[in-house]
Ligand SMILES: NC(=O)C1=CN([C@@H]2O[C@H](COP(=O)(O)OP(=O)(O)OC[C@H]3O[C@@H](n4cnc5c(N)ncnc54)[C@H](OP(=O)(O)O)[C@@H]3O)[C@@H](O)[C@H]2O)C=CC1
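Have a look below at one chain only, the form predicted on its own, in structure tokens format.
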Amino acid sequence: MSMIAAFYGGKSILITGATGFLGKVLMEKLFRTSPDLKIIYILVRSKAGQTLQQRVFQILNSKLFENIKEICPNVHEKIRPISADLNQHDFGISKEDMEELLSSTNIIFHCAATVRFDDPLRHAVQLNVTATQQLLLMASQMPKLEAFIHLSTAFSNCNLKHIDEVIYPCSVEPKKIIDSMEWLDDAIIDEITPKLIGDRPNTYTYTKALGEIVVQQESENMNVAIIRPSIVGPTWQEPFPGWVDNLNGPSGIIIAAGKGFLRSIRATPTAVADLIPADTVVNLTLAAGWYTAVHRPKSTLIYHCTSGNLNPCNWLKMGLHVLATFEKVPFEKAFRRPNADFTTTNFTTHYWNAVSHRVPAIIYDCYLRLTGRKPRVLKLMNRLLRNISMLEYFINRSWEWSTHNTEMLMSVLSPEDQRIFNFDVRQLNWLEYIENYVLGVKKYLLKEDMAGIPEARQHLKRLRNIHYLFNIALFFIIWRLLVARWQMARNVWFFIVSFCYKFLSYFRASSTLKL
């Protein structure tokens, strides 16, 4: 019998961020393994034209939950949506709902956050720091609370090379940051943001680090744990392989490459692509929730949920696995392909590709205008290139995360719990996982018919050929302009033409002598 599954039976659980990718996978796993849980409270922001119950039905009617209705027939009754907005004081929760939450909640999973790298500091602080502080204040008033589990990120301290399972201090106290956001205007905040985040790449990683400090400072007399996942990818095994519903992480790159819009990215081939499946994160989170509530550690334990230490896969290997899936060729053959250019560190190549991506997009948009349709390709390409530029920091570096607490947690689980709540990434087969990732993006994210895969491959080949022809034409146009303006370029050009002519003449002469 699973101790973890039994623990969550009869519990009232509060999940923030339940409408997000990880929150949905967490809910599904809870209902599948502990169908006798009492209730799951989810904080839901009001949406125009949609009631809270309609939003719940929308979640439960997705592919992810299709088997839950058989396991837990009254699942609709076990989800209690509560109208809330993390931007408001006390989240804008009504008095009646607040009283119910405070009196009934046993476990809190705090998954809500803004994951946008380019968010203004004010907004990132509100969602990742202030909201965490307010939720902890609520938690401190819950007499039945057994555990508070905070979802952070392994990149909260990405300014360090080696990261331990500890909370690192920031140069400015979170409380001072929160207070300053109330009276500083946006212009001043934007001006001081680079100085505050220091050697971190963006406001996301900085505010997640601040959020961890808030958890440490505001969680007195509470059983608390922090989970730090790396790049969260599609599901590995549960409830089925490859489920994904967002463009975060490499998903946008895979779509762009699969559609033929992207041929290369600026990355370090040997850098570790620290991808972690969503169900692995959820299994560790639930195991940590059980351990925190039952064993009550004396201090806040931090669990790194990463793959690089135990089962590394670098960006080159990942790119080649993606190519192998696109073209259905063996991995070894993909490795030898000269156009397997998902990774390059060449500065000139990076900007050449930016130009060679945008110009065809402009041409195609002109074609759309002429045919009476709305131009959209350039806008899409600019957004894609901007997103890739924000990822460059992470795909050009590797980190070392200690995993002592994660390994300890794995060791205390029973064989049954190790099977049901598996978070051992050493068992992950990367080629199989990446193939399911690519197919999952196509099936669940783009909602495309899987029967169209052969046609999609032909389309990809056509786009690749167009890309090659355009690059060749662009090269000769630029070279011709150089020849027209610089004597040195003309000399090189005449040397090449002369050399080719002499070589062909020699080849013809040799053929005649043999005859």
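From 1 onward, residues are counted along the sequence shown. Since we're looking at a predicted model, the values are computed, not measured.
Heads up, the form predicted in complex with the ligand isn't pictured, but that's what we're talking about next.
In plain terms, the part of the chain that comes close to the ligand in the model of the complex, with a heavy atom within 4.5 Å, is 228-236 out of 210-218, 161-169, 188-196, 228-236. A single residue from the set 38, 69, 47, 63 has any heavy atom within 4.5 angstroms of the ligand in the model of the complex; that residue is 47. Out of the listed residues 84, 381, 129, 149, 84 is the one that sits within 4.5 Å of the ligand in the model of the complex by at least one heavy atom. None of the heavy atoms of residue 270 is located within 4.5 Å of the ligand in the model of the complex. A residue is said to contact a partner when one of its heavy atoms sits within 4.5 Å of a partner heavy atom; residue 13 fails this definition for the ligand in the model of the complex, lying far away. At a distance threshold of 4.5 angstroms between non-hydrogen atoms, residue 307 is out of contact with the ligand in the model of the complex. Although the partner is absent from this view, residue 98 stays clear of the ligand in the model of the complex, with no non-hydrogen atom inside 4.5 angstroms.
Shown without its partner, the chain has 17, 18, 19, 20, 21, 22, 23 in segment 8-23 as residues with a non-hydrogen atom within 4.5 angstroms of the ligand in the model of the complex.
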